[in-house]
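Have a look below at one chain only, the form predicted alone, in structure tokens format.
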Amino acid sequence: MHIFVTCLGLLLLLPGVASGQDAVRTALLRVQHETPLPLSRLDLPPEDLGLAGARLAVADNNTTGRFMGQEFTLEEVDVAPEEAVAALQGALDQGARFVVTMADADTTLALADAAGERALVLNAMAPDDRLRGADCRANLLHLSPSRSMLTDALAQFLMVKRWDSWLLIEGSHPSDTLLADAYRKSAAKFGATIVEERLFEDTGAARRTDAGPIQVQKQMPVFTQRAAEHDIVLAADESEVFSGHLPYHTWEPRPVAGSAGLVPASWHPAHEAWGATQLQRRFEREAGRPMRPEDYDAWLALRVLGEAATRTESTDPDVLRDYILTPEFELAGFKGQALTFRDWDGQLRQPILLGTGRMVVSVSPQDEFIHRVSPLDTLGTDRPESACRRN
């Protein structure tokens, strides 16, 4: 008996055997909002969207954690919007001190407010700039790019190509309006001209059965007919109502970008540069499918915690948050440079991939755009423009 106790005591002191005090307990809340089916059956979301990326990150964290005496755990919670705050409270009562959210802006904000000082919240989905601006919170970090980061990334590439005359087609849903507004700001920021704007009304038709190839071939050219002279058609269609039908169906032979065609995103399944093939293969081996942006954003959230816990040798949320927001924190994200956080709004700086269905076309920021602190700060809201007052 004494030998057993002595050995157990030694094991608890060895690296790789984490005590309860050294556990980084994280809850991932996926808030299930009703969304229409995508235009293409190839875009149907997998059941483990986001979760697969988070699981891979936990495995990565524990590979290092076992040598540091730290353990990383993940509680996965799928919940309806009206039950999200109660689910959060349950996770906190069970010991979670870090919460990764996959939710819309309103729910994300409600969860951050409900968590208060009890947990650090990491936003892995909502792109809304207001969460990084007037509605920012001291306990809220952002892994997913903001809309303005995405639109700035695409705008930079279009300006390098000298495609500076845009036909902007906006969807009729609120999120489409927010995306269109972001493109308008990007145009003003980089000197592009929106020569004309058109609104595509969502009539509520059965998207895949009532809008077959024959109907689209007749309707979409007429919708884009007689537009002002333009270099490119820019689609602001976050609701995925019409943009998938634009390529090859416009009246004028013009490229399409934005929500279809050339699309800005945090990740692309064809990305191979800077060691990304290694991450892609590990993910595909575990999940049995390609990695999507949602998976990458969730992976980033858990890896940020793992890197911060390792560097600080702490599992305290306040210690980790303070370190994450310092210039000393860096994370390898397979994008050619270290990823860091903006201390003024809690946004992760990261390059944005510009891709088509099968290829990565470019990566922004483009070399032509410089910044006194970091070229990554040419994407999205810079410090002098920020309305965030973290408290």
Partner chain sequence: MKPALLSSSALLVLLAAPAAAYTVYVSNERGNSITIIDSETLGVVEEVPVGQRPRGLNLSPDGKELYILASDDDHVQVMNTETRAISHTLPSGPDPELGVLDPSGNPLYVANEDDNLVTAIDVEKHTILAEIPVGIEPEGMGVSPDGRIVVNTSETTNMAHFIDTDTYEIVENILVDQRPRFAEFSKDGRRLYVSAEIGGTVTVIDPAKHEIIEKIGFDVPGVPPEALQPVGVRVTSDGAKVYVALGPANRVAVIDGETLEVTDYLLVGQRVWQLAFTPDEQFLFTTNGISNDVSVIDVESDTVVKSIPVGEQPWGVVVSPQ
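Model, not experiment: these values are computed from the prediction. Positions refer to the first chain, counted from 1.
Beyond the structure shown, there is the form predicted together with the partner chain, which is absent from this document and is the topic of what follows.
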(message) Is residue 278 part of the interface with the partner chain in the predicted complex - any heavy atom within 4.5 Å?
(response) yes
(request) Using a 4.5 Å heavy atom cut-off, state whether residue 356 contacts the partner chain in the predicted complex. (result) no
(message) Quick check on residue 226: any heavy atom within 4.5 Å of the partner chain in the predicted complex?
(response) no
(request) Give a yes/no on whether residue 162 approaches the partner chain to within 4.5 Å in the predicted complex, heavy atoms considered. (result) no
(message) By the heavy atom within 4.5 Å rule, which residue out of 292, 245, 303, 147 makes contact with the partner chain in the predicted complex?
(response) 303
(request) Name the residue from 218, 198, 311, 173 that puts a heavy atom within 4.5 Å of the partner chain in the predicted complex. (result) 311
(request) Choose from 22-30, 330-338, 45-53, 344-352 the stretch whose residues reach within 4.5 Å of the partner chain in the predicted complex, heavy atoms counted. (result) 330-338
(request) Taking the partner chain as it sits in the predicted complex, which residues of 46-83 have a non-hydrogen atom within 4.5 Å of it? Please list them. (result) 60, 63, 64, 66, 67, 68
